[in-house]
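This document starts with one chain, in the form predicted alone, laid out as structure tokens.
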């Protein structure tokens, strides 16, 4: 009811030229998909989404894994720090976006203020108004909000690794680097696969954050915001539905590829 039926309805809609309000519409077959293939704005949205996703994926994975390794022991301090780092995850993305708009403000924002204090004020960019910087500013907000969430997944994976293996490695004289490469990372692969797949889906669906911060302007239009603008701003619901079907296919293909690369059973 809530997944299969809407998906089939979107596919059916993608074969029409429905404008979202009229009772009259025509069946256009694959014309919307042909139009998508030649649409430079849609292709740009895909490219922007890939850059945004890769940036978040690299920084969020590295930072969350580092925090997980530091906080894996169940001490009171570590538990308190886990809760602190996890806290931004439970805040609505719209609220996070509004808070970061103030952080990015070129006149009184905290980021430019910090650069001014360091004598680097001349290097301060227009965080949300520069087409070469804006998408990376969005990525900063995205992995700031969700690093704590991913950290919890890594901590669960680390705590599931038998301690006997580490004790045996210590007896054999293995260094920390050798232990990580031979024990920790291979046994952490299932958790890493979940993190990579979840982060990819999450960044491709970062609709509310992008809408709040830039509304897709300054070269920050991603696929989900393109679908929204096409359907609800330009009233091309059939064309937007075609984009949503392609969006679903892209996510499915990426997730499947990631699981295969990490060699985790689906």
Partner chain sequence: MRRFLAGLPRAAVLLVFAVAIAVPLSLVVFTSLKTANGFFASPFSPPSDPQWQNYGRIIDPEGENIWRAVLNSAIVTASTVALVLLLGSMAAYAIARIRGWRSTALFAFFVGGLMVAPQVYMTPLFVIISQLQLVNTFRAVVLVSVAVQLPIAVLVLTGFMRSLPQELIDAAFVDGGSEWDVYRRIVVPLTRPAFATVAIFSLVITWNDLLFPLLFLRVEELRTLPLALLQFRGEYLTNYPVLFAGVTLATIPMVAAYLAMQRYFVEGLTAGSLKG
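Since the structure is predicted, the reported quantities are computational estimates derived from the model, not experimental observations. Residue numbers count along the first chain shown, from 1.
What comes next is about the form predicted together with its partner chain, which does not appear here.
Within 4.5 angstroms, counting heavy atoms, which one of the listed stretches 130-138, 181-189, 157-165, 68-76 is next to its partner chain in the model of the complex? Going through the listed ranges, the match is 68-76.
Establish, in the model of the complex, whether 81, 102 and 227 all lie within 4.5 Å of its partner chain, using non-hydrogen atoms for the distance. Yes, the whole trio is in contact, each within 4.5 Å by some heavy atom.
In the model of the complex, does residue 31 have a heavy atom within 4.5 Å of its partner chain? Answer no; every heavy atom of residue 31 is more than 4.5 Å from its partner chain in the model of the complex.
Item to complete: May I ask you to state whether residue 110 is within 4.5 Å of its partner chain in the model of the complex, using heavy atom distances?
Response: Yes.
| field | Partner proximity in the model of the complex: residue 170 to its partner chain, non-hydrogen atom cutoff 4.5 Å | value | Result no; residue 170 lies far from its partner chain in the model of the complex.
Can you tell me if residue 57 lies within 4.5 angstroms of its partner chain in the model of the complex, counting non-hydrogen atoms only? Residue-level check for residue 57: no, no contact with its partner chain.
Discussion item. Under the 4.5 Å heavy atom criterion, name the residues of 132-152 that approach its partner chain in the model of the complex, in sequence order.
Written reply: Stretch hits, in order: 144, 147, 149, 152.
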